[in-house]
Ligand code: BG6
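Single chain ahead, by itself, as structure tokens, in the form predicted alone.
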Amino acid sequence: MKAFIFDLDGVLVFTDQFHYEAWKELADQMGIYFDKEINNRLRGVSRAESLEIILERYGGPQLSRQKKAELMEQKNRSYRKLLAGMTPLDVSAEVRETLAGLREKGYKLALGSSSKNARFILERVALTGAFDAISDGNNITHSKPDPEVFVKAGEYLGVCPQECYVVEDARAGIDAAKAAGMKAVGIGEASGYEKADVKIGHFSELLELT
């Protein structure tokens, strides 16, 4: 194994609450019921797919493609306002030390996130320099569970799929890693997913894989 590819939300940082608050604000404005259980279905999927899940409970007039784009942009503005309050303290010492330890062992590191705000988040928490490559929502056409984001991360690193670990907290991310031909490491919620090749309880356990 030569590389580690990391999901962002739920693995390196935790922005689920920000997503929830931004989507809840939009749903409330539209009179759509939305709770944290529904929000959990949005983890690891694209903004457009997230909106469609929320609209399952929408009973108003049909929405045009342009209107949906406006709603997604409205949500993103609310989300970025919340993200702007993030600081380097939002990344644990365990995460920083583990990333540094993996680099010291000679592994290449990449980010593989469906988020279009990934680089903005990395800048806010001072983590951009930790990665050799970044593959995010701005350079992919298909979101997880499609493997595209991880395939491109591997290409950017110049390593073969079978030489990569993917660290994910969402089932859609584990499915994407497996579809890419990479070894999937489940953490958080994904640590209970049977398709994960490796299951860990703490981020620092990644050092034990090397």
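What you see is a predicted model, and the numbers here were worked out from it, not measured in a lab. We number the residues from 1 along the sequence you see.
Another form, the form predicted in complex with the named molecule, is not on view; read the next lines as being about it.
Wondering, does T98 line up within 4.5 Å of the named molecule in the predicted bound form on heavy atoms? T98: no, not in contact with the named molecule in the predicted bound form.
State yes or no: in the predicted bound form, is some non-hydrogen atom of L55 no more than 4.5 angstroms from a non-hydrogen atom of the named molecule? No, no contact at 4.5 Å.
Looking in the predicted bound form, any heavy atom of C160 within 4.5 Å of the named molecule? It does not: once the named molecule is placed as it appears in the predicted bound form, C160 has no heavy atom within 4.5 Å of it.
Should L42 be classed as touching the named molecule in the predicted bound form when contacts are defined as heavy atoms within 4.5 Å? Looking in the predicted bound form, residue contacts with the named molecule include L42, since a heavy atom lies within 4.5 Å.
Would the named molecule in the predicted bound form be within 4.5 angstroms of a non-hydrogen atom of every residue among E25, K68 and Q74? Not a single residue of the candidate spot has a heavy atom within 4.5 Å of the named molecule in the predicted bound form.
Location of the named molecule contact in the predicted bound form, chosen stretch of 174-182, 28-36, 152-160, 43-51 [non-hydrogen atom, 4.5 Å]: That would be 43-51.
Determine the residues of 112-127 with a heavy atom within 4.5 Å of the named molecule in the predicted bound form and present them in sequence order; the list may be empty. Residues within 4.5 Å: S113, S114, S115, K116, N117.
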